[in-house]
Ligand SMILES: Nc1ncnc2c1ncn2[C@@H]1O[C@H](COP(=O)(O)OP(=O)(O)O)[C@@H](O)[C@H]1O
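Encoded as structure tokens, the following chain is the form predicted alone, with no partner shown.
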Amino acid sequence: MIQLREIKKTYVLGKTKVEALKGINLRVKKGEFVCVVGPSGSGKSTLLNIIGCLDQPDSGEVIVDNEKITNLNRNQLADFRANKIGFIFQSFNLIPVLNVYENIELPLLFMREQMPAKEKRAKIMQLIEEVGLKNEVSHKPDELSGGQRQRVAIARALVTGPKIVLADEPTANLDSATAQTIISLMRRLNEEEKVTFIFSTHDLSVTKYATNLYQLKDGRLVE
């Protein structure tokens, strides 16, 4: 499903070079629920961005769903991302002027093959019910709690039927009780829909849900 081979990534900040990833090797099988832990600034977001085609490594190979994505051009990467990968961001990244339904619908508007209107609405409403927001369909983000916004973000990540969902610190802005609820929801969707999840966190209390746990240490992954 996912294979990283000797992935390296360095950022230049002024006169300082920061080696975020130093030869990362990782293999993730279909349907796994993988957690990557490490303190802020350890390279977790960089790792997810490279898997999700949002960033390119300086060297190494990334193979996702049997396709070497390090060989794809910008348009091919965008198409691959839109059709096979869902993202859940710690800052939610919801559009303030759109309601719950419209925020979840948004990724579908960028897909090459458009879903019939009736099928699209049924898909969105099913996800809204699954994440427990059927009474908030017309609400905009500023009318929702942090936990509810994250539920919208999860539904939005799943609406295109991705094979992989990447969640970058999905509980960072949530209280502990809500965080446990969100991770439980992700785990249930992983088990029922067989979607591969990879999420990063520095909160060790949520790692018990993972089927595989890795630590980023000195730019390298330790299982």
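It should be emphasised that the depicted structure is a prediction, and the values quoted were computed from it without experimental measurement. Residue indices: 1-based, along the sequence shown.
Beyond what is shown, the protein has a form predicted in complex with this ligand; the following relates to that form.
43 is the sole member of 162, 57, 52, 43 with a non-hydrogen atom lying within 4.5 angstroms of this ligand in the predicted bound form. Taking non-hydrogen atoms only, residue 204 never approaches this ligand to within 4.5 angstroms in the predicted bound form.
Taking the partner from the other structure, this ligand in the predicted bound form has no heavy atom within 4.5 Å of any heavy atom of residue 24. Interface residue remark: residue 210 is not counted as part of the site for this ligand in the predicted bound form, having no heavy atom within 4.5 Å. Using a 4.5 angstroms heavy atom cutoff to this ligand in the predicted bound form, none of 97, 107 and 110 count as contacting. Residues of just one listed stretch (154-162, 182-190, 44-52, 24-32) have heavy atoms within 4.5 Å of this ligand in the predicted bound form: 44-52.
If you take 1-36 and check each residue for a heavy atom within 4.5 Å of this ligand in the predicted bound form, you get 11, 13, 18, 20, in sequence order.
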